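Here you get one chain, nothing else, as structure tokens; it is the form predicted alone.
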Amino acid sequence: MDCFIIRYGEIALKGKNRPYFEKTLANAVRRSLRHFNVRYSKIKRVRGRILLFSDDKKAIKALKKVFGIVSFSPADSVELSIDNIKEKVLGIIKNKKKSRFKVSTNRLVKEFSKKSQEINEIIGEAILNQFPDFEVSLDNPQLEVGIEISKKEAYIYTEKYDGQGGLPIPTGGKVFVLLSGGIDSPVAAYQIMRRGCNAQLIHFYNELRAQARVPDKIKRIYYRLKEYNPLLKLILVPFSDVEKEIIKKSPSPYRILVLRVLFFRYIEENLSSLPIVTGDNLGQVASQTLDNLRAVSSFSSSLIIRPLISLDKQEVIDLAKQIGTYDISIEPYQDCCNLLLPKHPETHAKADNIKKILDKIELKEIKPIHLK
């Protein structure tokens, strides 16, 4: 192995913008390689593929985290000739115990003298001659020998790994993501980043509680998500004074809704008016009814994005396990929302009632903590 063949999906449909998306994906690969300390010599774009030249096996972990990659394969490169391809294939599979095989050739360029099917037949015949115990199986192979033909080289592989899919960061723009201590919001962050958005996580916390001076759990979720996006940043906002005001000035059923409005207000007044992503899931908890979502959103001038809105809880849990945040998210932790949960929450809030409460609340200046 001396290189990796990287394949993409949606990018191929981008028309005149395709080169921009390809370059952005190549840059995303570079960031992931640096994040995981992977050695490599160069990255090259060829028609329909990106080639990473590296013999470092850590590249497998790095490439699995990059949004925009549909699949990739560790490969061996050879100078383009049918004899070189034949020799390399036979060398690669000589220690393989699998007997049913298939040869699949893809010509990234069409200048090579032989067509894909011709190459398949020539290499398949060479394998059968060299290894009499092997047999061809186009429908149910145990071993697939892949050959990709470029202008001057051929790339040969026998393994294929799934990627994350989606679009490379930051083709989707910038967003803020409200990060709580629960299961949902890290998954929402993952989902929006998978669509190419560069996220800044924002966590509002009670800094007076001993375990929450700089919440370790939140930082660990952040570092896990950063594996998918090395550009990711975390902003910690101490909110204990705001919580005290809410407890003093708001009836219990409205406290969570008022808190969420103040999250939005803080972001818009102190950071920027980027779109705000939340882990809201329709009907999952009392604060996430249609009426409540509408009432809370009415106080924000930002675009509010809810990637999980239609998923059921098990689907969110499955995604959290898949991306590696679930075990961290289920650890005990009292975030701002937990501290204000009412016994009898309002499920059909009116914006006018929320406004009357907000008019009574006095906010002091709050200095956030930025983690890179």
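Note that residue numbering follows the sequence shown and begins at 1. Just so we're clear, the structure is a prediction, and the values are computed from it rather than from any experiment.
Although it is not shown, the form predicted in complex with ligand ATP is what the next lines describe.
- In the model of the complex, ligand ATP sits within 4.5 Å of a heavy atom belonging to residue 183.
- Within this chain, residue 204 lines the site of ligand ATP in the model of the complex, having a heavy atom no more than 4.5 Å away.
- Residue 171 falls outside the set of residues with a heavy atom inside 4.5 Å of ligand ATP in the model of the complex.
- Ligand ATP in the model of the complex comes within 4.5 Å of no heavy atom belonging to residue 193.
- Figure note: of the listed segments 223-231, 277-285, 91-99, 111-119, the one touching ligand ATP in the model of the complex, with heavy atoms no more than 4.5 Å away, is 277-285.
- Taken together, 4, 62 and 64 are entirely out of contact with ligand ATP in the model of the complex: none brings a heavy atom within 4.5 Å.
- Contact with ligand ATP in the model of the complex, judged by any heavy atom within 4.5 Å, is made by just one of 263, 72, 155, 254: 263.
- This chain appears without its partner; in the model of the complex, the one residue of 178, 127, 242, 197 with a heavy atom within 4.5 Å of ligand ATP is 178.
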